[in-house]
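In structure tokens, the next block holds one chain alone, the form predicted on its own.
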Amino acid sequence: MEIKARIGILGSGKGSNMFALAEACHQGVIRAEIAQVVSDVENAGILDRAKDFDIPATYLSPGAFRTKLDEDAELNYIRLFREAKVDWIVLAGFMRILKGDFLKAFPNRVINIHPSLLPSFPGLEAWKQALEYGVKYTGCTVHFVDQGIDTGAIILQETVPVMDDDTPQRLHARIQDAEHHLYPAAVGLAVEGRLEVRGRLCSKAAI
């Protein structure tokens, strides 16, 4: 019997990327199972979507800070994921910065998706940044998480054209469509050990 990697997911919102990842696991596109979903928002839609797949889903208080986990909360998150025996942490719309102990607990095992072609437009509402700057193409990037803001080694990217009549909502929706197939592809490479990471550089390993 195949021993599958175990994925823990962190999310703060509706959970559309979690849904895409769960579907990919169910269909065998990703050779893994989602073992635990955790949210820092008590009524987040991602928790309900996880339950639809019979995935354990838990709200954990993020603590006192608005943009990151406080020290006690960080330890609680680490403890829950270790109890679930996860191999990988995948961020699906998680709106807090992870630093310190969390990244040390899962070294080179935390993956995020960002709605721009990094290193362009890091941070919040990247699709609005792209529109305001006037670029003709933007997209999405799957990357490893490090101590910086959207600075980790890039795994995969996909371009999305910016239309002359785009609104932030329309552009964001097209970027999300791209995310929903790019993210499973990138996570699949990671859990199968098909990536080589050397500092900021990440490449597909020879099989």
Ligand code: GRF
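Residue numbers run from 1 along the displayed sequence. In this text the structure is predicted, and so the values were computed from the model without any measurement.
Quick note: we don't show the form predicted together with this ligand, though the next part is all about it.
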- Message: Exactly one residue in L98, A130, I111, A92 has a non-hydrogen atom within 4.5 Å of this ligand in the predicted bound form; which is it?
- Response: A92
- Query: Heavy atoms within 4.5 Å of this ligand in the predicted bound form: does R174 have any?
  - Reply: no
- Task: Answer with yes or no whether G188 is in contact with this ligand in the predicted bound form, where contact means some heavy atom within 4.5 Å.
- Result: no
- Query: Hey, in the predicted bound form, is R194 touching this ligand, heavy atoms inside 4.5 Å?
  - Reply: no
- Query: Hey, in the predicted bound form, is P184 touching this ligand, heavy atoms inside 4.5 Å?
  - Reply: no
- 4.5 Å heavy atom contact with this ligand in the predicted bound form for all of K14, N17 and P115: yes
- Message: Within 4.5 angstroms, counting heavy atoms, which one of the listed stretches 154 to 162, 32 to 40, 57 to 65, 174 to 182 is next to this ligand in the predicted bound form?
- Response: 174 to 182
